[in-house]
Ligand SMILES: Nc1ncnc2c1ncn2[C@@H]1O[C@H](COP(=O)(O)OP(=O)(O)OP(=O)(O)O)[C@@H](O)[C@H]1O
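Have a look below at one chain only, the form predicted alone, in structure tokens format.
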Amino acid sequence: MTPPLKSSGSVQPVISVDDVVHSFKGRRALDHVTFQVMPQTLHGFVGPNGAGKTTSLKVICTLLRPQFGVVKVFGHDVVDEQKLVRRKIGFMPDHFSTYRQMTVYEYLDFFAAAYGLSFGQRTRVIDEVLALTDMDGRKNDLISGLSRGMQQRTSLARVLVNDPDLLLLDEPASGLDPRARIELMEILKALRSMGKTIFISSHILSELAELCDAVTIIDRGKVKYTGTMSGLLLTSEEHPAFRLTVAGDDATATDWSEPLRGLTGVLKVDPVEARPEYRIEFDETQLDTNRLLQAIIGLNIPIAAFAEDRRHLNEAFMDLTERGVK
């Protein structure tokens, strides 16, 4: 297992999970789980269904007491200092709760009042979160009549009414169509730019690959990896790989394989058949993608896209997790 991310200097983790164990009816859902989430990051929490993601989230947000180990949020113990923790977090479960016969505005107003906001404060805050989630035009709609994507946005708006510093999102993109999924991810990026720390669970690594600063992979209750997304590439048996797509209508007319193979650190170049694309594999000791990209530009290759090889990330995920259901 990769060691947990360590805080640097005076920067302390927003979430600190230390050696946590929790069992249900003799089955260990969390098996000595340890990881950290740093401030103002978007941290992915990835694992197969039944891996322990929801159990971990419930422990972090004080809905479940760990049977062993310590969990702290902003330095506050989730068992001994529940009220302090709850003031700082917003939890979005993987399914929409009740209150389906309320309108969107009534639903948000109900929760804002529960947080103790005055009428004037509620009006202002609700308008702000509706604008942020692009739900202004749906505020008078019944929740029961909303699509899955609109219900997820409403749930996210509800999480934001108390202006939490930490968002805990359990499979927020589950069941969404591709457009709704992309739009939700854009909202999360905006929230991160506002200084929020976001901890988001998913069972699909590629869904979070471009979004997250760091990732923790859990399987059968055990942490298999925790660290940066780029660091995850180094856990695979293969070397890190990137995809280069060449621009232009005649992109397939020129074979750039040999010039690419001559670049420092490049171990292997595989043209993708019938496409103006190349898979570039290189030595992890030379893992400087900015320098590699500058070198490619120096070859006068017209670049349409350059990104981490998603197939490679998925292979790393498959290497770390086990086949079958526990």
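Heads up: residue numbers just count along the shown sequence, starting at 1. Keep in mind that this is a model prediction, so the values were computed, not measured.
Unshown form predicted in complex with the ligand; subsequent notes refer to it.
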- prompt: Just one of 291, 268, 32, 27 has a heavy atom within 4.5 angstroms of the ligand in the predicted bound form, so which one?
  reply: 27
statement: As a check of understanding, the residue in 122, 139, 181, 203 with any heavy atom within 4.5 Å of the ligand in the predicted bound form should be identified as 203
- prompt: Looking at the ligand in the predicted bound form, do all three of 86, 90 and 165 come within 4.5 Å of it through at least one heavy atom?
  reply: no
query: in the predicted bound form, which of 66-74, 47-55, 297-305, 260-268 comes within 4.5 Å of the ligand (heavy atoms)?
result: 47-55
